[in-house]
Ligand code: XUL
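Take a look at this single chain in structure tokens; it is the form predicted alone.
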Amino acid sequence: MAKLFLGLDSSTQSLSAVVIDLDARKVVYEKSLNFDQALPHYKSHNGVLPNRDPLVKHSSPLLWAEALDLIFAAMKKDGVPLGKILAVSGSGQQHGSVYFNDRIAAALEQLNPQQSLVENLRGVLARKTSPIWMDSSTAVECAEIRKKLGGVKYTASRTGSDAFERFTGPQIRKFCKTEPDAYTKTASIALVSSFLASLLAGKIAPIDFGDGAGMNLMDIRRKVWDMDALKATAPNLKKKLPPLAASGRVIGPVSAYFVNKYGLNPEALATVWTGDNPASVIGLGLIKPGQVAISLGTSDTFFGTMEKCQTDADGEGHVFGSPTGGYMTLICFKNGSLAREKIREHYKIADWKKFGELVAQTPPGNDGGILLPWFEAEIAPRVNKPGVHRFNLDAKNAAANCRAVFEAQMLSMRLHSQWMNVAPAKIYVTGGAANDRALLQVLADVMNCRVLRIEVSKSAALGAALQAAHGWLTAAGKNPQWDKLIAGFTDPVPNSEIRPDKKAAKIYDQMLEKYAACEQEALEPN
């Protein structure tokens, strides 16, 4: 009998499902539901509710619950053998928080399959909407928490990250300050991941170490709630939080709601969910310390894995618990494809093939020309005021500027990931720009290591399915090994390897210091 496992991923804009056949080593089913299209009555735009304040970004937790019903209905309609699923796990967009009153536990235990999940949840929310990762309205609360914990370096060393606007702790603090009565009536706080895991398990689910670290509330080394951080955030917060647990740990059998309504296997195990970034670590095959993946998308994201916890004293990077044990690191560079596209548009370059040809016309190191392409405020380094800076670079020279944007982005990644003390032997790349060989060659040369392309369309949902398999095997006493578990699911694209040019690598070794000096000069107040 095939061993089938279900992974779900509730991202900002959609809910995705992936079913894997572990014995056949393949994905046997994929499905995605776009929130705006499938659930238009919530009036969300790209999964976010409209708000007069551009800094406030909330979503409806009922939208996520209704989407869960819809995707199970779709799987049933599509003939997915739900009765043969052995375990379910999942991931959710990080940092989104859901607030319940004291009726939640009873409601979860008594989910009625004759009603929808939304109907079952009527009257249990202490707050109608959920602040999500895009919310940047908590700068004041971040400053207050940071001050109470002793500054950027101490906050990061304690919780894994500096206090960030999109993190859950500052969101909770703002809620407590602005709606004190509603906060007092809040009996339980969940993340997107633990909320959906709770629905599947029919009981309040733990928060895992990966997503828990995205709250500025967890002691990153001991993996327990940090009492000083809790006190710095809001009163009586410990009572309102579920316990912390390892990703993929079995909570219990799935709720009878899903068994009776959709035909899910009554013996299927519900496991602890994680955040979408930690789940992607599995889906991209990053299971050993020192492995690195880069997602080249709207923002460029640098993922690393490490055994022992190291934190960023400058507070630019993040450390989360990894679902495979140990830690994962994440650095987000906001000016990713956005900056590359701005350069292409400015010089009226027809397509990326022509862009790559112009890069090839210029030498590695660009004759000393450096560009800082901060078209938007940047996270790493911290740039609050957008601006494009050129050093020894002619703004009229299209080819030089094409190379300069590639070099700047890769040198910035190398510079701002040094705190991890990771020297990767190879880097896996994914995302929209991963097909651009000219960009990948610059990446290989700057990092002086092999670059391999990996095509995983739903890396978080795949990671969740593999996490479900790991949880089920562990519960069965099988002691599963991650490298064997992911084999066949996360292999690089054949013949996609790009090797560094040794001469170019030496040039970039010398250029890194100059790039850092240019960054520092641009960041100094006038």
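Computed from a prediction, not measured in an experiment: that's the story for all the values here. One rule holds for the numbers: they count along the sequence shown, beginning at 1.
Not on display, but discussed next: the form predicted together with D-xylulose.
Proximity of residue 403 to D-xylulose in the predicted bound form falls outside the 4.5 Å heavy atom cutoff.
Contact between residue 276 and D-xylulose in the predicted bound form is found at the 4.5 Å heavy atom cutoff.
A residue is said to contact a partner when one of its heavy atoms sits within 4.5 Å of a partner heavy atom; residue 95 meets this definition for D-xylulose in the predicted bound form. Although the partner is absent here, residue 166 is a contact residue: one of its heavy atoms lies within 4.5 angstroms of D-xylulose in the predicted bound form. Here is the short version: of 117, 330, 250, 86, the single residue with a heavy atom within 4.5 Å of D-xylulose in the predicted bound form is 330. Distance criterion of 4.5 Å from any heavy atom to D-xylulose in the predicted bound form singles out 133 from the list 374, 302, 262, 133. Exactly one of the stretches 86-94, 231-239, 215-223, 430-438 approaches D-xylulose in the predicted bound form with heavy atoms within 4.5 Å, and it is 86-94. Residue 12 is the sole member of 3-25 found to place a heavy atom within 4.5 Å of D-xylulose in the predicted bound form.
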